[in-house]
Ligand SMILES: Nc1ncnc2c1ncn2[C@@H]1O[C@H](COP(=O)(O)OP(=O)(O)OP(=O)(O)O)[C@@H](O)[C@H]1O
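One chain is shown next in structure tokens, namely the form predicted alone.
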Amino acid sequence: MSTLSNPATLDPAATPDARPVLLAVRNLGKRFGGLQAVSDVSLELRAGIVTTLIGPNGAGKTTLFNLITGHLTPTSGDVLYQGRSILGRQPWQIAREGVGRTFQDLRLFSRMTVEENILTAMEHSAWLWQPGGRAAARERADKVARILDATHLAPLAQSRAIDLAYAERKFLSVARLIASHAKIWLLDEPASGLDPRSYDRFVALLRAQVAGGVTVCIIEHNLDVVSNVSDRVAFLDQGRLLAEGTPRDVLDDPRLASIYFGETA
């Protein structure tokens, strides 16, 4: 297994399977009492590509994200980030390592403005009492402005998160990830509920970030997203990884299609 030391050194011409492994899940399992929610899952997220997790509801996809990010403790297995185990670390420690996450419920600071939400994601570099004086303050302001432009939120910079439309809140959750400098993004149904125009903007934003070196793993039910943005697809059912491959390999498998659409047990 190859590991990644610097995403900026990626060869843009490298095929998805030739990319170095940024995060590896090894024989991961999670049991809740008598329920085996995740069972012996091994998965590699390769640098600079989009990997999408698909499967029917209850397949264990969000549970897998929670295990990776420290929100749940595995019953078995390991999670390696850049070749080192991150098991036992707190979610905030894993986030500082460079593993960013969005949630279905978004978890924004609803009473803060859009700009303030982005600044909080910059952590210690955002606070007024940090060293650097006016030059550092200008640098922070310039960074926030670039993120606002990239996510189409510039006109809403002083609006509170609670007052945003649903699609705008979705983009704010992504803006916070950009501000955090996360090397890997775990996105839980990021395109759900988006209108067509917002969907197109989201796809363009995601492609731009991946082209800039970000590694992405998405949980998604929208098969248009799976087909249009994925380099690799992993199919989960009942906590098990049943298949992994290109979008066409997985989506064209009639056995997996029957499971996904509930035609078989």
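A quick note: this is a predicted structure, and the numbers were derived from the prediction, not measured. Residues carry their position along the shown sequence, with the first being 1.
One more form of this protein should be noted, the form predicted in complex with the named molecule, which is absent from this view; the next part is about it.
Listed residue (L206, A59, V233, V41) with a non-hydrogen atom within 4.5 angstroms of the named molecule in the predicted bound form: Checking each option against the named molecule in the predicted bound form, the one that comes within 4.5 Å is A59.
E189: touches the named molecule in the predicted bound form, heavy atom cutoff 4.5 angstroms: Result yes; E189 sits at the interface with the named molecule in the predicted bound form.
Distance check, T51 to the named molecule in the predicted bound form, heavy atom within 4.5 Å: Looking in the predicted bound form, residue contacts with the named molecule do not include T51, since no heavy atom lies within 4.5 Å.
4.5 angstroms heavy atom contact with the named molecule in the predicted bound form for Q104: Looking in the predicted bound form, residue contacts with the named molecule include Q104, since a heavy atom lies within 4.5 Å.
is_contact(H221, the named molecule) in the predicted bound form, heavy atom dist at most 4.5 Å: Judged by the heavy-atom cut-off of 4.5 Å, H221 is in contact with the named molecule in the predicted bound form.
Partner-facing stretch of 206-214, 192-200, 60-68, 224-232, counted where any non-hydrogen atom is within 4.5 angstroms of the named molecule in the predicted bound form: Residues of 60-68 come within 4.5 Å of the partner.
Heavy atom within 4.5 Å of the named molecule in the predicted bound form - qualifying residues of 16-44: Read in sequence order, the residues that approach the named molecule (within 4.5 Å, in the predicted bound form) are F32, L35, A37.
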